[in-house]
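First comes one chain, alone, set out as structure tokens in the form predicted alone.
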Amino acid sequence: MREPIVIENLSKYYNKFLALDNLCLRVAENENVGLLGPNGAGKSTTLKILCGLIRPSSGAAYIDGINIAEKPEQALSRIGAIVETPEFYPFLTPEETLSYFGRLRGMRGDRLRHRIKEVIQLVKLEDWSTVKIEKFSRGMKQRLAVAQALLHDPPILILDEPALGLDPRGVVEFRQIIEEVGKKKTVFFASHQLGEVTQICNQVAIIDHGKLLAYDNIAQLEEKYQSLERAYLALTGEPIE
């Protein structure tokens, strides 16, 4: 079985603070995995290492068998990502922004133009495609972030709170997009919204204080703990009413 995401004995210190503590995790091909944990659990740190934004203190992370720290460009060509709150050049339009990102990824000509049109339609920004981003709400920027993550049709999506800032309709539309594209991709999805995770993902990894507490099928966790919420609260040490 192919494992597009492999995390081996990953530790990360910020000065003396231990954010990740010997974390190990393997994500199989075409799995949609939710990464859950309280604030400060190490979720964003994990995703930043997977996206080559920071380096681990020890251990290694692999994308399709490629060590990210050793060959970041090769590894990152396989990933589409949203990490934290996305920001774009305000003086550009979505079409100009996606053209810029596409060229950075080596896309050119008709292929790039066709793909820009596809992803703009997918995130429902057709009416705003030539409007400067300075006029965009946070939710609209989040839609554009989804578009840029999907632009080069990567086999792996790494998403950090991707529905942040979306209104209820936008959350539903985002979920539908990820459910659809996730059928043919590996999705690693960090969120605080347990409801969203249960509708998008079939497995969850629960971490706290940088350690893996559980990595299991959602249905099995629900059977054992009665609900994913109760599993989350029990494993992270929160009191259950």
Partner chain sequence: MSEFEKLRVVIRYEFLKHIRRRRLYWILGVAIVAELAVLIGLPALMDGYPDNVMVMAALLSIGPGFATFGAIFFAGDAIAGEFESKTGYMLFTNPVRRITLVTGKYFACYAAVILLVLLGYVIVSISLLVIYGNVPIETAKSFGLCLFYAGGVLSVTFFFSSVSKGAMGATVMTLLFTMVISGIIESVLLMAGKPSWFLLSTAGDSMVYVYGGYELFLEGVMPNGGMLPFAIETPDIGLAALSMAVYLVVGLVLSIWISGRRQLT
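Numbering follows the first chain given and starts at 1. What you see is a predicted model, and the numbers here were worked out from it, not measured in a lab.
Beyond what is shown, the protein has a form predicted together with its partner chain; the following relates to that form.
Though its partner chain is absent from this view, in the predicted complex it lies within 4.5 Å of a heavy atom of just one residue from R103, R138, R111, R169, which is R103. Residue I54 is the only one of A28, A60, I54, I66 with a heavy atom lying within 4.5 Å of its partner chain in the predicted complex. Residue heavy atoms within 4.5 Å of its partner chain in the predicted complex occur in exactly one stretch of 7 to 15, 229 to 237, 20 to 28, 216 to 224, and that stretch is 7 to 15. Not one of Q121, F174 and E180 comes within 4.5 Å of its partner chain in the predicted complex, counting any heavy atom. Mapping the unseen interface onto this chain, G165 falls outside it, with no heavy atom inside 4.5 Å of its partner chain in the predicted complex.
Heavy atoms of K117 never reach within 4.5 Å of its partner chain in the predicted complex, leaving it off the interface. In the predicted complex, at least one heavy atom of E73 sits within 4.5 Å of a heavy atom of its partner chain. The shortest heavy atom separation between F88 and its partner chain in the predicted complex is within 4.5 Å.
Taking its partner chain as it sits in the predicted complex, the stretch 158 to 192 never comes within 4.5 angstroms of it through any non-hydrogen atom.
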